[in-house]
Ligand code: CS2
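Just one chain follows, in the form predicted on its own, and it is written as structure tokens.
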Amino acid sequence: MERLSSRTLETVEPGAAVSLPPQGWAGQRVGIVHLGIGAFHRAHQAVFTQDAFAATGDDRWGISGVTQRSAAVRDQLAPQDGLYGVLERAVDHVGVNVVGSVREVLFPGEQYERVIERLADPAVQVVTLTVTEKGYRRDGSGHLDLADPAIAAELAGGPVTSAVGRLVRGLERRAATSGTPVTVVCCDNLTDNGRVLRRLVGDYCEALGASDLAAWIDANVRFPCTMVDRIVPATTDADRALGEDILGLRDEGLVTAELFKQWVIEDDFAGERPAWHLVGAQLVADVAPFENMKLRILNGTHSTLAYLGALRGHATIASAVADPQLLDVAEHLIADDVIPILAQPEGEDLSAYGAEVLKRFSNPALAHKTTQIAMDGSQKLPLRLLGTIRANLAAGRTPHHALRGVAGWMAYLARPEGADGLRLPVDDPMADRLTTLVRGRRDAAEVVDRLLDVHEIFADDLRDAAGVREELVGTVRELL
């Protein structure tokens, strides 16, 4: 079968199951650099950007995608002239949205200078990032981890391999050349993500002794906060085969997603931006209420279902939601533990949002693996569940269901297998430490105490909070 490209795209007829890039897609100029061009970006920000181009014809916002660790995405998309499909799946719909907004993909391991040139290019007015929570290399206090091997090597004069390092070096070149202002848009699940990234950039500049650069960044670079939402499971061979059937072409860059997508952006830009607001993105003064809604309702429930579901032998989130006991935990987590301590974002109904989240999770067309959602728990837990627990404790409430989610994470780390022999891999920046502490241990109190002692995850307040340890021990004992 022929491969998707600008030439073979001409053979594809648009229709109910296929949407094609707007006319002129191949002539777009690069105006956005994206660091971390994985599946989520291709199914989310790149789609919003294509939709904005279709709505306005403004061709200044093509994307230069930068890979993080390998040349895989470059090798997928370069032979396809940047084209790829988003396989959108729901119970009553399946279709491929062909996206042409990515105009080049760069691999810094071989094209580092080209990446820095792009970041410095005055035509680039927006830099976006999706590098996952762990990609920001923060320490326990939320600052740049100067002891991180990659950061330490960079500061000692070695190759620049971190996302923050590449961003700072690109801004350094920009300051020294055109000096054109730029907006850096963090699109990862971090509380107050724009300001988090701004602090890390400042930490990096301080470690370099680059006070002049830091002053230029303060004056010329904006870091708006955002909230992003779309379920994007790992693409399977079956997805690729289905995409081929629909397109009639082989697509090595295919990604899979649900129909729903949301993007809330703080309206704080240094210059121009694509017309994302015309195609569904929400430009707001304060992202925090939306961010907390998503992190605590959607992400917190997602993680809880992942850990508890995997322990019960459920391979996918949809299967976990179909389990009446787990659905009950999820519903009560949202209604009893999260909604009472949340500020309601303007125009949102929190109960309706929670119901919609569970409906999205139940979509059997998306094989979102529980073990995939279980990744990086040491980074996700503080953002998704511990904030909910602290807020409830401060209000004099005991968040039983949020604590059950934390107990699920603890039992997941301790048990090598879930029910029916489902393997429970630990894919986490702290995997070696966490597995050494508890893997294979059956004493619930020992498991809980050893993990509560990991200060980077749990500060002393939770260990000392009345009833928290006891409830965790009881639940972990049950789960083990």
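This is a predicted model, so every value here is computed, not measured. The first residue of the sequence shown is number 1, and the count goes up from there.
There is also a form predicted in complex with D-mannonic acid; it is not shown, and the following applies to it.
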Evaluate residue 287 for contact with D-mannonic acid in the predicted complex, applying a 4.5 angstroms cut-off between non-hydrogen atoms, and reply yes or no.
-> no
Would residue 380 count as touching D-mannonic acid in the predicted complex under a 4.5 Å heavy atom rule?
-> yes
Would you check, heavy atoms only and a 4.5 Å threshold, whether residue 132 touches D-mannonic acid in the predicted complex?
-> no
Please check if residue 189 has a heavy atom lying within 4.5 Å of any heavy atom of D-mannonic acid in the predicted complex.
-> yes
Could you tell me which of 246-254, 226-234, 269-277, 159-167 sits within 4.5 Å of D-mannonic acid in the predicted complex, going by non-hydrogen atoms?
-> 226-234
Site test, 46, 64 and 103 vs D-mannonic acid in the predicted complex, non-hydrogen atom cutoff 4.5 Å | no
Candidate from 312, 198, 138, 294 lying within 4.5 Å of D-mannonic acid in the predicted complex - any heavy atom = 294
From the list 89, 74, 401, 302, which entry has a heavy atom within 4.5 Å of D-mannonic acid in the predicted complex?
-> 302
Of 350-370, which residues get within 4.5 Å of D-mannonic acid in the predicted complex if you count heavy atoms?
-> 368
